[in-house]
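We begin with a single chain expressed as structure tokens, specifically the form predicted on its own.
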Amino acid sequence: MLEELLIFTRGGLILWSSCRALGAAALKGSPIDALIRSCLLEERSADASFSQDNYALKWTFHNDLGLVFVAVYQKILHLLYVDDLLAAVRREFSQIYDPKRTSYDDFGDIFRQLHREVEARAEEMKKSKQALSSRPQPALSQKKVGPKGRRGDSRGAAANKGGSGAKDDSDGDDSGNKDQNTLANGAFKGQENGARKENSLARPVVVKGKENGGPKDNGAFDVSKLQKLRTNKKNVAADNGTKKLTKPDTKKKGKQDRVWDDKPSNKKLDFTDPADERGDEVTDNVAVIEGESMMDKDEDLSSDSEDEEVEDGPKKKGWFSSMFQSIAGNNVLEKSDLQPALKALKDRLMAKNVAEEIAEKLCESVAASLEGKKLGSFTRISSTVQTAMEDALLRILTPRRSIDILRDVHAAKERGRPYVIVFVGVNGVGKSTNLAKVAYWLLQHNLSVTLAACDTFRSGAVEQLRTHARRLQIPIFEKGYEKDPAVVAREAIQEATRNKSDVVLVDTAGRMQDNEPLMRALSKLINLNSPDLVLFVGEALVGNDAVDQLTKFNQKLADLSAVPTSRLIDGILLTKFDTIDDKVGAALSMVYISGAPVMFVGCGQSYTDLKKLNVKSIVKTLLK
């Protein structure tokens, strides 16, 4: 049974609802709001369906009029007529739609009629399928023996016709049928070989220089073909001899010797901190040395690498021919018109390190938003697709909520507790290093920071974090190795509360998304301490693996959670961003698959190399 059919504009104005018009009961919860948040606004409108609680939702668009049609029904019913009903409602409603009109009470009768028609058609199709499935099927032995025997007759007749002439067509029909039936049923190899030997006794027939000795005569050959092969071999040998003679005699240049400087280099290669007699490192406060963090600097959008586009080489075609070549063939866009431009756009996104699955879904979503839309007289399809994709990327990468951590820290400080950030991720992505960068940035805003060494799994992890704490002159809470990280984090938060620290940064062990024990320990840490922010630290170098990492991290955190409302990843810290040139697709893949914003970008080795994500710059780089 259909629960509701809703018609609304892309701006959010509800034009007609079956619940209101027909007096049906309202839906439990808000599945349509969830559809808008999770699919329509996240460029997942190309998906076939969406599920929320006990409901399944399907939808379609009228892009030219800017209308959205949504059907809601119980998930367990599997209604077969929903797609037909949406298409019929879309067709009928578009005929009476007026942008100045806001009430469509008279559409209820039309909807009842359409609903009855599609239900009747679905019932007829169901009955016809049941009738076809209930028909008795012939026996398997009749299927196998009959047709193969007849085919054996025709093959035997054709063989006799070709080998002995037309007068032998009627000879040996019975015996031929018996042999063919035996071979068709796969009796024995000896019978098959015997039949071949009998066929090989037939007299050879010479036709146009060919000796046809039967199927067993492997020595048969065509004289004319043999002569052609000999002639070709001579020509090839002659050509090879000519190539060898005409090939230029080029000698490979030897490797040139490297020129070394006579004077030894005075360049400092040891960058470790000096140590005193006890072996403890003597460090100074680096807050004065390093300077201002890049997080507080406004990035210049008009950089030469982004805005200047130099065209190499002359244009191959004039403006007149190129303009008319890319003009739409008709005013209404169809899917076939969009495919070439979308294929080129998908290849461009994948070349920028966007995961293939994400690029495919984005192109499908753009096609769904443009199909049926009317174009102007001289509007290019490629530019229309480019603009639609740019808008989609901006919507995806722009955070949907506030990511002002400093404001949240001050709000937690007013409540008398520290603000807790947990850093999670796979092995070797730079969690500890970028945790120190975040600590340095917070110190510059006059906030007190405490580090929690909860990586009790990897050797040297505590010492690494201890070094960062000494260089930044901030306290660190540690309990050594082989301890429960959830308990260590809880005690660190309690200690920071007693010392009135503003922020606690929790370092965790790197773990692969398939490591069940470590993922269970991480879920326990998050559920026990309820951090304010869970940051996923990921490399900007990954491509398709970014989808697998974030998907499985969120899935494990949800499955292994001991509380009903599980905590998932809240934000992303993208590392090694200075090593990827224009391959910035990992940021798009991570945001698309998780819905979490990129809050920090690591772009170097020093404490100041931490900045915000420039969304416009990323979009421009992806589409360049």
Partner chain sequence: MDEWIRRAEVWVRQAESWIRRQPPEQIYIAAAVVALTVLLLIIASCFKSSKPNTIVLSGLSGSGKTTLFYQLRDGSSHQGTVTSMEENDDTFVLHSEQERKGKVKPVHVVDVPGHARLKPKLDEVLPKAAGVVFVVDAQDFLSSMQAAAEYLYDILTKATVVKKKVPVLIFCNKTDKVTAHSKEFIKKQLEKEINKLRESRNAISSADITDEVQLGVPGEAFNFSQCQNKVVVAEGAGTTGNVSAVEQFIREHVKA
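Numbering follows the first chain given and starts at 1. Since the model is a prediction, treat every value here as computed from it, not as a measurement.
Absent from the display: the form predicted in complex with its partner chain. The rest refers to it.
The chain here is shown without its partner chain. Which stretch in 332 to 340, 497 to 505, 407 to 415, 78 to 86 comes within 4.5 angstroms of it in the predicted bound form, by heavy atom distance?
Looking at the other structure, the answer is 407 to 415.
Using a 4.5 angstroms cut-off on non-hydrogen atoms, would Cys603 count as touching its partner chain in the predicted bound form?
Contact check for Cys603: no, nothing within 4.5 Å of its partner chain in the predicted bound form.
Under a 4.5 Å heavy atom criterion, is Asp578 part of the interface with its partner chain in the predicted bound form?
Answer no; every heavy atom of Asp578 is more than 4.5 Å from its partner chain in the predicted bound form.
Look up in the predicted bound form whether Leu40 has a non-hydrogen atom within 4.5 angstroms of its partner chain, and give yes or no.
Yes - in the predicted bound form, heavy atoms of Leu40 and its partner chain come within 4.5 Å of each other.
Even though the partner isn't displayed, in the predicted bound form is Leu394 close enough to its partner chain, meaning a heavy atom within 4.5 Å?
Judged by the heavy-atom cut-off of 4.5 Å, Leu394 is in contact with its partner chain in the predicted bound form.
Could you spot which one of Arg520, Lys374, Arg121, Arg400 gets a heavy atom to within 4.5 Å of its partner chain in the predicted bound form?
None of the others qualify; the residue that does is Arg400.
Could you spot which one of Ile36, Leu27, Leu557, Ile593 gets a heavy atom to within 4.5 Å of its partner chain in the predicted bound form?
Filtering the options by heavy-atom distance leaves Ile36.
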